[in-house]
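Okay, so we've got a single protein chain in two different forms coming up as structure tokens, structure 1 first and structure 2 after it.
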Structure 1
């Protein structure tokens, strides 16, 4: 980072904790960047002239007479068309061996879009993943998380969504990625010939955890450039937001703030909301859609991180391993896209809502049959047929490796109906049954 003649330099630190230092300084603003003994830091608290800085790499070895240099500005990102196909660290510096970006410098972490400029989302985002497109259709300008156990292949799912989604730009915010995951994303994008529409901001497990706090803001600043300046449809992928929240917790705990539920800071809701509320559909046609991953601790959906996330976002997508078919599926019962009704049957085939509802109802009947079986009750012929249907439904529709368009998803589901049930058992409007029921 360049040094400038007007930077303010101090050499007396009053207090040091593991992650922060406190000193007296004048004319300093909140979120301003500084160097503390050569390490990058950011202003996180100001009381009068007492300023607390969060040192990203930690304070080990920093003396009380260390040099503190304030930069006079918060973190920024240079934006231009040169961002396409590039990977950067949490500070917006290239990590792919390419040159620095030449473009307009913009502050990260600005306010979300004025509601007056927002338009109700109405454009379908097709992912090719039937468990999403059939049952939990996504809409441009939506914000929705994947809830997944840490051992599930959520990063592979994110990569699949990125490759199949009809978006002009994909912005990847990698928060605490392993090097293997980082290389996996790069290889997937390169082998698909899609690098020109990818921009990545990556914090790996080898980087200081506190740097993770910058990654989502960097990603969303790049997204705003493409959505507002270029009128493009932008898909932002953030993985893993649990590690982002853990970094918030590290900072607040080291600043001796009283923790809230599950050791999280009391500001968790607003910290998450200021990111997710950047999702928007603009009148001009540009949009920002946010799909994030929130890993669950022991499958606990009541933990503060998924709990707060659920209040902010417009639904959730649950990943679950289906033991009967041995594949990871998008769980039809725990997943929900709250905006799907804006596009299903309108931007998709008119039978879509009825097919979706019938399939989930029949799958629920299969779950009931499974419970009867486990408790030693005899199964009816209908119960047996629902179990056969559920197995095929999971394999041909819900599994994350299914890659078909919405038309084919609907046709496949009709074929499953015809194979296992009578027309009356499916309970779909007669006009659709007459038109789509498969001929045996």
Structure 2
């Protein structure tokens, strides 16, 4: 960040914690940026002339006589067409060896869209994966995370979705990304010839954790530029939001705030909502869709991070390894796309909602049959059939290696119904049964 003439400089720090420093300073504005011993920091508290700064890279080695320079403005990003194809760090500085961006300077973490200026999302995003398109259809303007244990291939699945999504721009917000995954994303974008459509803001595991707090806002400011100024369809990928929340808790603990559940700050819900609610569909056709990753520990979705996320996002895609078929699937029970009802049966074939629900119901019956089996009971003929159905359903529909269009997903599912069940067992509206029940 370039230094300017009116900057105020101080050289006496009164208090240091791991993530913050406090000093006496005048005329400081809330949330403005400062440089502490060459490290970027932001004003988080002002009491009289006592100013507390959060130092993003941590305070280790900062002396009490360090130079503190106030910038007089909150964090900003320069936006223009030049962003396309470029990679930046959490502060918006190029990390790809390219030049600085020439463009309009915008504050990050800006105001919210007036809800009456939004439009109802209605454009389907096809991914080819039936676990998504058939059961949990995505829509532009939606915000949805993958819930996955750390050993699931969530970044791979997200990259596939991004490449198939037909977005004008893809903005990657890497939050504590491993270097390997960073290179993986780059390689996927490059080999798809999509590099010019990509903007990356990357904080890797090697970077200081508190810096991560800036990444989503940077990515979303770039997204708003493309969606509003250029009326583009923007897809924002945020991975891994669990690490973002962890960084929030580091800061709030350092500031002696009373933690609520799972040592997360009490404001976690609002903090996450401010980001995710940037997902929007505009009248002009521009939109921001957010696909995020929230890693779980031991599949526990009641932990404060996935729990608060689930209350904010428009559903969640739950990845799980199906041991019977030995593949990763999109779990039909724990996954949900809340915006699917805006498109299924409307933008897709009219039998879509009923087929989807019937298949999941039958799959649930299979789960019950499996429990019976485990408890050593005999299975009925119906139980046996649900198990056969479930196996094929997992393999042909739920597995993440499926890549077919929605029409084919429906046809496949009807075939499975016909193969394993009677019409009344499937329990779908008669008009659809009459039309689509497979003959043979």
Partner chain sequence: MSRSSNFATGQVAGIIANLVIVRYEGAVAQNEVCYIQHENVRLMAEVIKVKGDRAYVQVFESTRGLRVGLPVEFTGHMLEATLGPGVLSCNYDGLMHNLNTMTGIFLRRGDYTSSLSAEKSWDFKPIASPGEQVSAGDWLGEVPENAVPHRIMVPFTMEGKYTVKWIAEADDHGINDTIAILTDANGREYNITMVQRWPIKRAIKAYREKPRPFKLLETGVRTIDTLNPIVEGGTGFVPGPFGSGKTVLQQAMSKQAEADVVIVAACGERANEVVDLFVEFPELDDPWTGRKLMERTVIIANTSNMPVAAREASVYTAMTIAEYYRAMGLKVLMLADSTSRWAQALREMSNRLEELPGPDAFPMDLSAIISNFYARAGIVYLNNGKTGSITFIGTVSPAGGNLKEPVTESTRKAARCFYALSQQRADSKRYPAIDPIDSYSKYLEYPELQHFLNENIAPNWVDQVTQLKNILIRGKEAAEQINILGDDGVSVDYHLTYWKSEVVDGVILQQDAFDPVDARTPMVRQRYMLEKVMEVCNSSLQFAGYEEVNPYFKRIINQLRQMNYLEFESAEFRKNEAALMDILAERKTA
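Residue numbers count along the first chain shown, from 1. On a predicted model such as this, the values are computed, not experimentally measured, just so you know. Whichever C-alpha set is largest while still superposing within 1.5 Å between the two forms counts as the rigid core.
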Query - Selected structure - criterion: the form predicted on its own - result: 1
Query raised in the report: Hey, what angle in ° does the smaller rigid piece rotate by between structure 1 and structure 2, against the larger one?
Result: 10
Requested in this report: Any chance you could measure the C-alpha shift of residue 430 between structure 1 and structure 2 with the core superposed, in Å?
Outcome: 4.8
